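So this first bit is one chain, no partners, the form predicted alone, shown in structure tokens.
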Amino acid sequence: MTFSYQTALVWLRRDLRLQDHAAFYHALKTSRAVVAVFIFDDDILAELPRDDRRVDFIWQSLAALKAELQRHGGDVLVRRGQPRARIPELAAELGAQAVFCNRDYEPAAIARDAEVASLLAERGVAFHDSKDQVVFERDEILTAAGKPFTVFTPYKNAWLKRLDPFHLKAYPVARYLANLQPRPPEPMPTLAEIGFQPSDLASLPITPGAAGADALFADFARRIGHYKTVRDYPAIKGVSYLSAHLRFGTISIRQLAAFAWHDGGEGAMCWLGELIWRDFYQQILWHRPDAAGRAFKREYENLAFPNRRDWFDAWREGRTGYPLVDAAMRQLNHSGYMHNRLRMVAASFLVKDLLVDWRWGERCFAEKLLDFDLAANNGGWQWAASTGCDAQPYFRIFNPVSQSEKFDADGRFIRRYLPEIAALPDKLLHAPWTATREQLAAAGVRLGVDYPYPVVDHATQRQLALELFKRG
């Protein structure tokens, strides 16, 4: 075999697995000796709480990957610092002629990679990046006029029309593992050594690493046939729970999309549609990086939101008086996870009922979600706020009570997170303020003491939201 490089680095980021890994494949196939590296980025770490679950998830996933590579005679070199300094330093230290990585589509990551590539080029080191975290990227799916799609359904149709087995083919990394550079095992920095402490991740129903992802996927594969009919009900085990694993790349998007596509059933194809949403939001962010901080629909950039801080705090802490919204926010605060239907309801309530700028909510989710992804979070919030990529006009406003009655009719989800009102009958649980004094007393509920009165009236706020958007 003829090699292009004697030594190469694989720079891991949001792709913490070995199987079906584009950068590993290309590096191993073209290089005599390959070393994997991961940099805990100081610029990112500085903004996080010291017990951030995501750092814990990454650390544990890295530890698992490190052990897997060590079984094959290799290792992952884990460092802390700024990648623009550390990657060129490591390339020089190890005598690498090339650095391989998988592409990231966030504006800051694009700028970071361009800077690293430039610094490497000054030293004569090649920089190769590959598509890995999406099925179709950047401008691979365009309209007939050669423009990016800004509405999901036409994008989805074009995506499916373009799809063929080649796009879902796994990279055969195992075939080339002999080209890992043999290394004595190197101790991994502890969380404390990178400035963090263990989080409560161990108490949550999620296992980091590729093994954790594989176990979740195997479980979901047995349930996928029912996905379409149960996915909107937060008290039912209907979704995949793979979002954090997709975010950190402990499982391959190609593997998941291939499974759904080959299954072809109603549930599988519905779920494939959710995976296509990921691609859609990533290409939106790539084409419109300004949307990361501004309204995608420019006419809504300067909406005059009142932005009452006390209402925002009530929403964030799960005490708005609307049980489904409060249960959703308590789920987020407790676990770092929120069911997708509830993300839409909670976001709509903040923007359209409480009249708080969507960016406030977006930042809150960014701080708390274990599966936080800039493209998906921004896209979802702008969709809910009617400032983003959506064919529906601004007067789509979720009614938090009817959503509760429809998707948690027996109150199982609400009771899990709002035990203070659990004794209310099902029909009153969705709107406790409609209960009589006698009904409240029978359930042991004191509104305004045990559980708050609604902070706003939905009908009133709906009209105010419509007026706010009409003014633009």
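Throughout, we count residues from 1 along the sequence that is shown. In this text the structure is predicted, and so the values were computed from the model without any measurement.
In what follows, reference is made to the form predicted together with a small molecule, a form of this protein that is not presented.
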Can you tell me if residue 365 lies within 4.5 angstroms of the small molecule in the predicted bound form, counting non-hydrogen atoms only?
yes
Does residue 316 reach the small molecule in the predicted bound form, with heavy atoms at most 4.5 Å apart?
no
Taking any heavy atom pair closer than or equal to 4.5 Å as contact, tell me whether residue 103 reaches the small molecule in the predicted bound form.
no
Should residue 136 be classed as touching the small molecule in the predicted bound form when contacts are defined as heavy atoms within 4.5 Å?
no
Picking from 367-375, 201-209, 316-324, 172-180, which part of the chain touches the small molecule in the predicted bound form when contact means heavy atoms within 4.5 Å?
367-375
Answer option from 116, 98, 347, 329, heavy atom within 4.5 Å of the small molecule in the predicted bound form:
347
Answer option from 120, 356, 258, 242, heavy atom within 4.5 Å of the small molecule in the predicted bound form
242
